[in-house]
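Only one chain is shown below, in structure tokens, and it's the form predicted alone.
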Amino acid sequence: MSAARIDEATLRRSVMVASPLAVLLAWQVLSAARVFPPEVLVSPQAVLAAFGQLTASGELARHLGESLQRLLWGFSIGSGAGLLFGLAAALSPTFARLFDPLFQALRQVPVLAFIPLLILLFGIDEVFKIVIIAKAAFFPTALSTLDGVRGVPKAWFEVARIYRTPLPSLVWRVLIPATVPAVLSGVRLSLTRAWLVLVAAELIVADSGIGQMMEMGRQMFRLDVVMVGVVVCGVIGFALDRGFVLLQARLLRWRAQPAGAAA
């Protein structure tokens, strides 16, 4: 690696570290200067102390574990269903004519607008939370899969039809390699939306989870607990996104290889 690339990478890492430190410094200065009352803007030290208390008691781990378990189930179901729906709508004109108008209408409705209806249907138990997370993950994955498959050149399908390629082989050998980048981009967006909707739903109606921990802190006027939840949500969201980016880069590594690299 050249010196210029090393310096560029070092500068990029420095900027990534500098921005959170600048926010933390501004937060400390504002809280120390009492620009806002302590009941409104708690100090970083108070948030750190609350974090230690919640960690020592196991409360933070319990709430976070509940949230991540819901995210796993809801995201898996929603993105899996979105993948199948997008594939079916792209490959079957009849299926698309039947369901595309409903799909386009429902995806314009904010996820949180479905909360009252879902509560009436499923109550406030785990099924409700998983369904609303799945709904958030379904539409970005379905749309990216639909657009990705429709973007495959029609000549490829004609060749597959001439050679009478079975549908499983068509999907595995043609569609997946051609649509992986677009689908992964949609899945990444689905993961982000699922996490945001999960926390929002837990803030509104839940008996556990990181969002409920924040809501209980608000009701008890424990702004330090609320800020712990805010910071943890940001860190978890960032970690999920960065982890998926690394996975995406690994899965797409073959696209960056020269044509004769595998020879």
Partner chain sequence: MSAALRSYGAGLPARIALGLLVPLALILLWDHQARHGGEHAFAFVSAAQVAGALRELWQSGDLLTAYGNSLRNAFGGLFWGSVTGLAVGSAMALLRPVDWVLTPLYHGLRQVPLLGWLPLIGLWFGSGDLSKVIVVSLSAFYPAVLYTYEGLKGVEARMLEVGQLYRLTPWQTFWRIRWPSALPSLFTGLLQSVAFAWIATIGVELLFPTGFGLGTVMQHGQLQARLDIVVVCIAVVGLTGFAINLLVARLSRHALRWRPVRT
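For clarity, every value in this text was computed on a predicted model and none was experimentally measured. Residue numbers count along the first chain shown, from 1.
Another form, the form predicted together with its partner chain, is not on view; read the next lines as being about it.
Only one of the listed residues (77, 160, 112, 127) places a non-hydrogen atom within 4.5 angstroms of its partner chain in the predicted complex, and that residue is 112. Only one of 68, 30, 48, 196 comes within 4.5 Å of its partner chain in the predicted complex through a heavy atom, and that residue is 196. Residue contact with its partner chain in the predicted complex: residue 164 places no heavy atom within 4.5 Å of it. In the predicted complex, at least one heavy atom of residue 233 sits within 4.5 Å of its partner chain.
Although the partner is absent from this view, residue 214 contacts its partner chain in the predicted complex, with a non-hydrogen atom inside 4.5 angstroms. In the predicted complex, its partner chain stays beyond 4.5 Å of every heavy atom belonging to residue 52. Residues of 235 to 253 that come within 4.5 Å of its partner chain in the predicted complex, judged by any heavy atom, are 237, 238 in sequence order.
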